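Before any questions on binding or motion, here is one chain by itself as structure tokens, the form predicted on its own.
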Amino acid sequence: MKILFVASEGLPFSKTGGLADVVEALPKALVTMGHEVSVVLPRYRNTKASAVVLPSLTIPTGDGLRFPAVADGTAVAGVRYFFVDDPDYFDRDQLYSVQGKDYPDNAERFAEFSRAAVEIAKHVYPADVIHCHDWQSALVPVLLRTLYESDPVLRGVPVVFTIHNMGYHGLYPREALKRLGLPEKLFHMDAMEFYGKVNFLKGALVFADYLTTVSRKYAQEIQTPEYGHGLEGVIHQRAEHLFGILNGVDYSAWSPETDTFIAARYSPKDLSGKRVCKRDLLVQFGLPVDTLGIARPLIGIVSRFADQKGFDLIAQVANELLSEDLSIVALGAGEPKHEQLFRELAARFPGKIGVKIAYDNAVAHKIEAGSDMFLMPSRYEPCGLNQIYSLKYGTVPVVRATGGLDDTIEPFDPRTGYGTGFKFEAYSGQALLACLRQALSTFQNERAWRQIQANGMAKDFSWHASAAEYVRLYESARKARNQMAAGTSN
């Protein structure tokens, strides 16, 4: 099967969050199963390409034409990459925003990207199925089922659309339709209209053949007002075409036995290297490395600094939390208020908190290896990858029981020795604090802690099973779309 991925970011070329990890790892897993996979990405600053595939595409806008090129990134691990190359739109300091504010022309940027991806599917890489990800590629199914609905090349091509985060819609004023060259008929409650605005994500929810999200629990949650962000009714109407498929992880990149970023490698049979990694991590963040510093439990955080990640809970109980005998290292960037929170905490509690405001893959690996615990107090978490990475590194997750965090972390039971981490239910600072105190207490019991680590390191969340689920879904989508196309032509 020929599969075309369309996404706004993907390793090894671009990343702001877990989407990039998935867009790298899932295609690789599909290739190992015998499928042919290509990925379409924007050509951001510093993205290198080997050749030009098409020097100019003709992309209509509301008042003219644009002419992006298609560049070839050749193949990485058997996956071929194409880049939509328009420097005015994509050669910028950041991918989506600057200083916490979205670029004002994001609608135009990702409308062009989606149109270009459709043209690549038509002229460069005739795919059997297109797999799109999040709102930035949401216009692909909209375009295929409206402006391209009579195209004999594309009308039989199904689209699977994955929701990585329901909190991000791509929401714009009504006049955006005209600026993007989209038909006015899409401004309708059964299409892209959303409380008087144009909603890219809603368009994909309506027009894609199948919808997936990245854990079974999140597939249930997004059908409720608490997690649906106003689109729970649309999701509920498409529930028969919605599937929760848990993200896997790429253990070739995330394993303490092979990791090239960490100070010492280690395994479940010999954890001595983890102590070396802890010392290295403390040095990296300027925290004490004396005997007391090494013995003190070290909590790691790697995250986008966004409202959904639960950092307001940390703010609620910061004084009580940091009166405990612990250290914290935090890596991330995002909303200025959360960046400022961590800077202020580091200034108020010197020697106990180390902060790096950045996206840094190497440091993320060091945090996974060197920390004793990994904290994810998310308000909601579609899947989460870091808690799964943490399991493999013997770094015990402390998480809120939501979405993929609830699906992947089992609460430790000291009576049976069963479980892989610690979870709390209520979204409150006190619930977080109580859960952390339970983890800190268990940390003092070396035998129990080693049991939790062993339980987590034995877990297997590799991509094979999840990739097989996607293949079955692709095949179902192809069959249904071909039947539909055949019926239309008769």
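For every residue, the number given is its place in the sequence shown, counted from 1. All values reported here derive from a predicted model rather than from experimental measurement.
Keep in mind the form predicted in complex with alpha-D-glucopyranose is missing from the figure; the text below concerns it.
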query: Complete contact of 164, 309 and 382 with alpha-D-glucopyranose in the predicted complex (any heavy atom, 4.5 Å); finding: yes
query: Option from 346-354, 292-300, 234-242, 382-390 whose residues, in the predicted complex, bring a heavy atom within 4.5 Å of alpha-D-glucopyranose; finding: 382-390
query: Interface residue in the predicted complex among 169, 216, 304, 145, criterion: non-hydrogen atom within 4.5 angstroms of alpha-D-glucopyranose; finding: 304
query: Partner-contacting position among 212, 371, 247, 136 - heavy atom within 4.5 Å of alpha-D-glucopyranose in the predicted complex; finding: 247
query: Non-hydrogen atom contact residue 18 with alpha-D-glucopyranose in the predicted complex at 4.5 angstroms; finding: yes
query: Exercise: residue 477 in contact with alpha-D-glucopyranose in the predicted complex, heavy atom 4.5 Å; finding: no
query: Exercise: residue 25 in contact with alpha-D-glucopyranose in the predicted complex, heavy atom 4.5 Å; finding: no
query: Those residues of 174-195 which, in the predicted complex, come within 4.5 Å of alpha-D-glucopyranose by heavy atom; finding: none
